[in-house]
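Only one chain is given next, in structure tokens, and it is the form predicted on its own.
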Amino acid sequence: MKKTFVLSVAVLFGFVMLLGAAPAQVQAKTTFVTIGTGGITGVYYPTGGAIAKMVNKKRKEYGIRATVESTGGSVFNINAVMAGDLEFGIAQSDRQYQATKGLADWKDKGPQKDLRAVFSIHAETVDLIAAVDANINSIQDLKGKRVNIGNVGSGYRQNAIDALTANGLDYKKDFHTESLKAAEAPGMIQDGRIDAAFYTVGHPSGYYKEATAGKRKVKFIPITNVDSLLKKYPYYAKAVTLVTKFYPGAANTEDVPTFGVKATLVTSAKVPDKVVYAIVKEVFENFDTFKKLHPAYTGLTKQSMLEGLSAPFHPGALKYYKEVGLK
């Protein structure tokens, strides 16, 4: 009788231990991925959130748990992906090009050979806004003013420098340069602490809604000499910012000419194929739902999401595109 009792207890104890170990085993099978985005007032952050939400709905099927991180932007995201600190990052198409070629911020590091493209997303315009009372009507009028060109590590900082250079301006000596994060600039304009600011983003954007909604009147400034930029940089394209449609608080009465890039999702060659495949599949098979998540995605097509990419496609992404006939 004693032997039977001891044996039963031993079996029961073993069963309890097995149950206790089960959650750890399930947890061990879960792959955690983080998507680096940008400032919370831009489109990158909600884009990353939308992608993560889609994948997390199929957590049991894929064994993937995705999270989103607000970051300094394109350069930070690419560097973090290359370092293995992020699995995915959203980056401007020009920054993806520069990283693959070892240009600009990667001049000393050289080409980022492990950088891989997943897909491109929405178009983004390079915009310049200025307070009406600062008497800035053209990019040339920035001379002597207080201008934010963006934080170091952001994609839009280089866009601002390119726009200035094309118009014969030097940000180091022609005006008082600020290097603020995007989220800080609208409030600084309204408080009178800066006169103008550059930003690159998809529209409509909370950044510009905030900047044009205060007591201090603000307007969009046309960016000129774009043709010289297009000749020099293959990743830029002419664009128009639909100010009158999206920002009724702005002082403009017409839409404003400028240039732009595309937002892209990048990863590393070291990220497993199955992880990248799952993310691409969920976005593309829920394409109509994805498009409705933000007005910036209005003109998006599945084919356009494979354009504007300069890094090689990740094999996991390529596998899906071939399956559905996109490649």
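In this text, all values refer to a predicted model and were calculated from it rather than measured experimentally. When you see a residue number, it is the position in the sequence shown, counting from 1.
The next section is about a form of this same protein that is not shown, the form predicted together with ligand GLU.
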{"property": "Sole residue of 266, 276, 35, 43 within 4.5 Å of ligand GLU in the model of the complex, by heavy atom", "result": "43"}
{"property": "Contact assignment for ligand GLU in the model of the complex, among 154, 148, 241, 96, heavy atom within 4.5 Å", "result": "154"}
{"property": "Ligand GLU in the model of the complex: contacted by all of 39, 73 and 199, heavy atom 4.5 Å", "result": "yes"}
{"property": "Residue 127: touches ligand GLU in the model of the complex, heavy atom cutoff 4.5 angstroms", "result": "no"}
{"property": "Option from 215-223, 73-81, 106-114, 252-260 whose residues, in the model of the complex, bring a heavy atom within 4.5 Å of ligand GLU", "result": "73-81"}
{"property": "Within 4.5 Å of ligand GLU in the model of the complex: residues from 88-118 (heavy atom criterion)", "result": "92"}
